[in-house]
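Form predicted on its own, single chain, as structure tokens, below.
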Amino acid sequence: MSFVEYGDTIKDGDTAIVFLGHESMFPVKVQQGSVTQTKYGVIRHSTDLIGKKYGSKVTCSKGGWVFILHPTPELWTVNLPHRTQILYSTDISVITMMLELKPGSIVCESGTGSGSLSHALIRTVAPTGHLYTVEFHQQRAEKAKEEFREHGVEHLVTVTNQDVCKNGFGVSDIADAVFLDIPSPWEAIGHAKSALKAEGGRICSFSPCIEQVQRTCLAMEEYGFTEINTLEILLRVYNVRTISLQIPDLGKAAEDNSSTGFDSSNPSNQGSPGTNLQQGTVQFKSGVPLKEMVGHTGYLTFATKSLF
């Protein structure tokens, strides 16, 4: 099993996603002889999981059933154990696009945190690219290494435990892009510039507070970065529902029906416009935004390393 290569069959040692519903799923490490408890009963790894195909419908001991899904960076983002605040797919997709990442890209990241963005970056740059990720906290760095190894992507990522603001990324002149998610990103802009290729590259900094953004932008200008801009991505969800509205009586349709001899009692005329007018309402589908939504997530500041 690998997060960057789809495997057809569930194997011992795999990380799988137990899917009970869109709002209820969780990861499980498949192990011979182990069991997993769900609200529908027990899942026995040896008989219910190992050897089955990903996507299989598995019946639990109480008669209920679940689906077993192959892990992806998107599924991992909504199921991972939180060691820090994380980035979600809405921001991740924009970061990937704006940093112009592709297979073969070299990316530097700080900090690793819970690994939500890291998994997405690894999947994007695979199979020939590489991620250099720096984490200040030693235990988080060790846990990230363990997860990358279990998820079959350790050959695509190098995890370093150090302070990026003081010691940088440990590489120079090789990165196509740099991502910063640290409390004081302005202190790491110089190291980010050193890590980027001499022919240029892109940088992104994520900050929850506008004061951080201001200081980061000033540092980017000081180090000669260009095309500096800041975005905030807000997801607005719409519910599609059926709306009934009363048809206004303008008089013209009734007159037209009379002049043409329209007979609403005739079965052959059922479902025609005249029938809807007699009923007085019409139904149609409408997209209605939710009454509440997230008002603030964080600021994404992008810039380009100048060639001059």
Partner chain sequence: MEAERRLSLRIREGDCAVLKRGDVFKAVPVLRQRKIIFEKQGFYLDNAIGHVYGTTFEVTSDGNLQPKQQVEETTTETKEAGTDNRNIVDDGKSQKLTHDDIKALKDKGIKGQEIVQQLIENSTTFRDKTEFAQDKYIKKKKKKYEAVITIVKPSTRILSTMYYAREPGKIIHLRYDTLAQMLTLGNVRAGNKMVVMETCAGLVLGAVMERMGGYGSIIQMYPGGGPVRAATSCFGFPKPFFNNLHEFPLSKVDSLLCGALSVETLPSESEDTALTEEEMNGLVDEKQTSVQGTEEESSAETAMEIIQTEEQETIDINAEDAEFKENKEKENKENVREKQRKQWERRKKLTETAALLREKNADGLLVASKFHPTPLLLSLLEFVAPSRPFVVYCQYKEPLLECYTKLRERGGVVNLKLSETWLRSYQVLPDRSHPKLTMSGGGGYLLSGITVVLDKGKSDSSNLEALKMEEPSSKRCKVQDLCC
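Everything quoted here is computed from the prediction, not taken from an experiment. By rigid core we mean the largest C-alpha set that fits within 1.5 Å across both forms. Numbering follows the first chain given and starts at 1.
If you look for the form predicted in complex with its partner chain, you will not find it shown, but the lines that follow are about it.
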One stretch from 130-138, 199-207, 109-117, 158-166 that, in the predicted complex, holds residues within 4.5 Å of its partner chain by heavy atom: 199-207
Residue (of V171, L80, L231, I86) lying close to its partner chain in the predicted complex, criterion heavy atoms within 4.5 Å: L231
is_contact(E100, its partner chain) in the predicted complex, heavy atom dist at most 4.5 Å: yes
R236: touches its partner chain in the predicted complex, heavy atom cutoff 4.5 angstroms: yes
In the predicted complex, S244 touching its partner chain (heavy atom, 4.5 Å): yes
4.5 Å heavy atom contact, E227 and its partner chain in the predicted complex: yes
In the predicted complex: members of 21-55 within 4.5 Å of its partner chain, any heavy atom: G21, H22, E23, M25, Y40, K53, Y54, G55
Cα displacement of S24 between the shown form and the other one reaching 2 Å, rigid core superposed: no
